[in-house]
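Here we start with a single chain on its own, the form predicted on its own, put down as structure tokens.
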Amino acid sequence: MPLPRSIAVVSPRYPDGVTVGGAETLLRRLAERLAARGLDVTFLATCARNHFTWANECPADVRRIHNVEVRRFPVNTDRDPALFLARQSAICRGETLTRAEQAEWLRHSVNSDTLLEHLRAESVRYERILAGPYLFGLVWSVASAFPDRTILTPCLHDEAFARQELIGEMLRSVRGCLFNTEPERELAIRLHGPEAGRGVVVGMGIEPFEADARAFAARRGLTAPYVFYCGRREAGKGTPLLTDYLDVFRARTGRDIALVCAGSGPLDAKPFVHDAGFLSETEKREALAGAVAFVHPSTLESLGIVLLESFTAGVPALVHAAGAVLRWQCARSGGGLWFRHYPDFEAELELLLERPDLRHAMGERARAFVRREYSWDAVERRLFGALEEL
């Protein structure tokens, strides 16, 4: 099948340096790579930045960024946040929602009627619609309106939201999916049958870089060795568990080791926890390069972008065993370890601290893995093959 020449990329938010998120970053970078190959690419997003309030903070305008036309549209103002939260809480409690209640959950999530109107008005222009991630009302609305043209990047997690009947129908009805990893594709099939797994594993390219491993600690006045976490700080990402584990580790082993956390969200106020806030790309890379390990305690990931960046820096990872994707990345690369509970965590972190030769060997294996599987050349081959196949 010939490659589509014009593509709309749809996501609730556009990652502009202030608005950040792994799924949005993935979609932006795929859009830019498609545009660099001469395709006509338009990124359609809402005016929201905050993924809790979905307030219209950005202007509804059109800009050209890295050869991609970026259009923002207002979020619907008739959504009922209280009803949305009630339905979402019921899902989190494991309650079974009726189809009508699931539709209410999606209807009062983030949506934009003006974005949908634009797609309808430009229906001749857009040969394909690349949309994600899966759990937002906007993505469900677009997939429902244009199933034959929609290719999902679901960024699917093993969570209650993914088990909803309407989500399964969306996965089965679209043209196909671009999955980030094989475990994500297997999850789609396990939850919603073989049709939900139609698609190709693509992922995202990781730029190679070199960073000064001493620069971050020197700038921040850190004298103790540290482990690094980067992302949202919240229970769903496992950061409270991580601070608890480090607290116990320090008490039991007597080791002076710090935890450096970059990103947004609350942190436990402990003396060994250093809140780095939002870091520039240069600072993030330096923080990774200087770490004993990148620690990612989340069990809900579909790719693990910063994990792959830590591998690129030659730094091993320590991840939660219940996170199938991150464990799979560590196992395939030989660049990481995984813990089921605190005793595993203690033994593995002690090993990494005591064996710099092992850390180096794991880091080199991890770096080679990223070069092989996540260079842009490798990802683009999978991406353009998928667009032709789907």
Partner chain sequence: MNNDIGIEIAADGVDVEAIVERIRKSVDEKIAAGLYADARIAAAERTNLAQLRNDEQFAGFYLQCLRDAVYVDISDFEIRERRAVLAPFLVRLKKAIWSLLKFYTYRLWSQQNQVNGLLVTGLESVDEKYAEKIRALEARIAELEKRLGGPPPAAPAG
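Residue numbers count along the first chain shown, from 1. Everything numeric in this text was worked out from a predicted model, so none of it was measured.
Separately, the form predicted together with the partner chain exists; it is not shown, and the next lines address it.
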query	finding
Partner-facing stretch of 307-315, 120-128, 74-82, 293-301, counted where any non-hydrogen atom is within 4.5 angstroms of the partner chain in the predicted complex	293-301
Candidate site H192, P240 and E348: all three near the partner chain in the predicted complex by heavy atom within 4.5 Å	yes
In the predicted complex, the one of A60, I65, A55, A322 near the partner chain [non-hydrogen atom within 4.5 angstroms]	A322
The partner chain: the contacting residue among Y245, F136, Y226, F146 in the predicted complex [heavy atom, 4.5 Å]	Y245
A36, heavy atom within 4.5 angstroms of the partner chain in the predicted complex	no
Touches the partner chain in the predicted complex: R252 (any heavy atom, 4.5 Å)	yes
E32, heavy atom within 4.5 angstroms of the partner chain in the predicted complex	no
M362, heavy atom within 4.5 angstroms of the partner chain in the predicted complex	yes
Contact set, 340-358 vs the partner chain in the predicted complex - heavy atom within 4.5 angstroms	R340, H341, Y342, P343, D344, E346, A347, E348, E350, L351, E354, R355, D357, L358
